[in-house]
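Before any questions on how it binds or moves, here is one chain, the form predicted on its own, in structure tokens.
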């Protein structure tokens, strides 16, 4: 049976998908990432989410060809472990995530970096497949990124594509990484929430936290922020415009260095805010580009909020077989 699973682990959500050999999505399920406990609690939630998606697809998890997982933090694919996942609860030391999931689900598990696998998904099946070279930026709890050159993801010595930690302002805002002036310090969802809470304590007015409570959320999720923008909340508008400027400055510097053909924007916020904000980022990049007369194309991730989970599923051996490659354009919900 050539049916596989994919899990995208994020700071606020766990997204699971079940796909067939032609990359058709047979079932998908989304759940909230635990905010307390530790790696074992997160792994249990991931396993439950994938199992529920498999049940909806009417397949037993033990019958899956394999399961691919995209995780934040430092991923050691060879050992099957994840460490330093700073946006997840108490996840500092290496944890054998692949073994923990495989034991619960009864199928082999492959691990990859969350943004890296999403980028691979867009390069193979999505918005990047038409380009020889592009930069991906994943706008979510943090700011992740990656570079594709000659249809292959450039890995460098193992830490390439960290667009979120490009410095756009010396001695600027403190980033979650401990440094100052990074793109993520201005545009990452977690950093924006930290700033918003501090500003509210100082008297700033915003509907963000009222919307959060009404939605039953404990964090300013992409959906909360999108709703505040719909309501034209002045603080939310300012916060996102500030983020757009930071992202544009970082992306423009990457484009000036690499001269890629395109930019693909994904992640929870990137996908939720969509084309209107991709256009804002495109416009804000122009003043910073060395060759503004031939800017790169800017696209929203074609696989949307499923980019990470679908990309993770491509880690399963055989997922990129010749038969699968022939079916690359056939992604459809069942």
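Bear in mind the structure is a predicted one, so any value in this text is a computation, not a measurement. Residue numbers count along the first chain shown, from 1.
Only in words, not in the display: the form predicted in complex with another copy of the chain, which the text now covers.
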| property | result |
| --- | --- |
| Candidate site 161, 246 and 259: all three near another copy of the chain in the predicted complex by heavy atom within 4.5 Å | yes |
| Sole residue of 165, 190, 104, 227 within 4.5 Å of another copy of the chain in the predicted complex, by heavy atom | 165 |
| Position in contact with another copy of the chain when the complex is considered in the predicted complex, options 205, 157, 198, 78, heavy atoms within 4.5 Å | 157 |
| Option from 106 to 114, 211 to 219, 79 to 87, 172 to 180 whose residues, in the predicted complex, bring a heavy atom within 4.5 Å of another copy of the chain | 172 to 180 |
| Contact label in the predicted complex: residue 123 to another copy of the chain, heavy atom within 4.5 Å | no |
| Close approach of residue 270 to another copy of the chain in the predicted complex, 4.5 Å, heavy atom | no |
| Contact label in the predicted complex: residue 295 to another copy of the chain, heavy atom within 4.5 Å | yes |
| Residue 234, heavy atom within 4.5 angstroms of another copy of the chain in the predicted complex | no |
| Partner contacts in the predicted complex for 267 to 298 (non-hydrogen atom within 4.5 angstroms of another copy of the chain) | 287, 288, 289, 290, 291, 292, 294, 295, 296 |
